[in-house]
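Below, in structure tokens: the form predicted alone, a single chain.
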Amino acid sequence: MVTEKLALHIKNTSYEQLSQNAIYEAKRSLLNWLGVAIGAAEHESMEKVFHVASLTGSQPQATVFGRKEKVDILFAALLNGMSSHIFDFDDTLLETVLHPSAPVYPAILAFAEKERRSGKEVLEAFVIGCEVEARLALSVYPSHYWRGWHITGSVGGIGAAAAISKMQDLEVENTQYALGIAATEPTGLREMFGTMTKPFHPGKAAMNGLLAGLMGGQGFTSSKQPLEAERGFIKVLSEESKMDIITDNWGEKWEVEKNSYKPFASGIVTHPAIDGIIGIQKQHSLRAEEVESITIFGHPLVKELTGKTEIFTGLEGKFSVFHCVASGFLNLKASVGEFTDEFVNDPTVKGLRGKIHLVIDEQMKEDQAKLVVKLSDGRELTHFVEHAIGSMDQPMSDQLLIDKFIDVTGTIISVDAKHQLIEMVQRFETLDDLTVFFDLCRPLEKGNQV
């Protein structure tokens, strides 16, 4: 049976069996995830969930990255999963547009802090949890996604449950229960994109997976074939039946090795167009008033996922390729500052946005785009992006990831803390005690910032 075989893989896979490249990407994933989680820690949606945690009497057990307050481990998983996805700046497995870290690292780190686990155990659990969610995503994609499921939420909780099962060294039967408990509570409708509920999806998946792992550890029963059964996860939530993907060739390669990291804080399918307009601007330094029109030729998913034309909030801007291209044109970037409510509603930005058009080209790949800029003086400028920065073919370098971490964490933590965290993540497998790591992820008093 598929779930039993998967549980055996989870149980029997050790850190020593993981490739060096998988560990390397797990650490890159951690740094990237940590930066965006800290960076969004003060977002208004976080305040609302903190208030709910307070109303329910949450006890201080685990760190919320970028915050002074601690909460219980379930709320920590929820809040940290949310914050890491608020900016839409987290990592992506491009084959299925799954964001692998946001549902899995929050569950692992909350558990690790409470149970005083090592960096090596964290990395081992992440690679395994990532492997489970990625393989499951591949098994249900594309119909699952096209039906309207937010795949990060729906499969992410099962990946988190796998990771927590590994951290507890559960027996195969208990791991099956944990996977089943997580499989029965998929999270995330794509209808929620552009609202506070989209980042809630990976947060709730992390919370669900942590709870499922703990319940499975207590022998709380579920179906032992929750993934493959006729009324199980795959057949109910997709039109695919690619069961072999879930368990075959386990250990020959690791899905985390394919992870990609965003240079822009928006939907991944907007990145080729942003890359293209920045390429034009770096060469020509155009002014908005010179532009007659900008035409984007892109993959069909660009319209499906980021075709919003009427936008009023920063969150909505992340799902408007028109706003993303306007941002790249005006500021040569599309980072956190380009997705505030103020920037979205700026008259200059709105004016330029109105000149941008999208044409779907079925021949375009997801990491490709062509930009055509027509100017009022009659000139026409064209730029084709073969592989966008951040894609598998043009990955972000270690230095670019470090720069992103320093930038996105802003003034929430000190400059000294930033550099200490970068150094610690680079040798995370050597850390037997993570106390200092968690302390550094909490802000100093504002007046004491270095």
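Numbers for residues come from their place in the sequence shown, where the first is 1. As the structure is a prediction and not an experimental result, all values here were calculated from the model.
One more form of this protein should be noted, the form predicted in complex with a further copy of the same chain, which is absent from this view; the next part is about it.
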Q. Counting only non-hydrogen atoms and a 4.5 angstroms cut-off, does residue 259 reach a further copy of the same chain in the model of the complex?
A. no
Q) So in the model of the complex, does any heavy atom of residue 354 sit within 4.5 Å of a further copy of the same chain? A) no
Q: May I ask you to check whether residue 45 falls inside a 4.5 Å heavy atom distance of a further copy of the same chain in the model of the complex?
A: yes
Q.
So, residue 191 and a further copy of the same chain: in the model of the complex, are they within 4.5 Å at any heavy atom pair?
A. yes
Q. Can you pick the one in 293, 335, 118, 195 that has a heavy atom within 4.5 Å of a further copy of the same chain in the model of the complex?
A. 195
Q: Check each of 286, 237, 138, 360 and return the one that places a heavy atom within 4.5 angstroms of a further copy of the same chain in the model of the complex.
A: 237
Q.
If contact means a heavy atom within 4.5 Å, which one of 126-134, 336-344, 224-232, 374-382 is the stretch that engages a further copy of the same chain in the model of the complex?
A. 224-232
Q.
Only counting heavy atoms and a 4.5 Å limit, does any residue of 122-150 reach a further copy of the same chain in the model of the complex, and if so which ones?
A. 146, 147, 148, 149
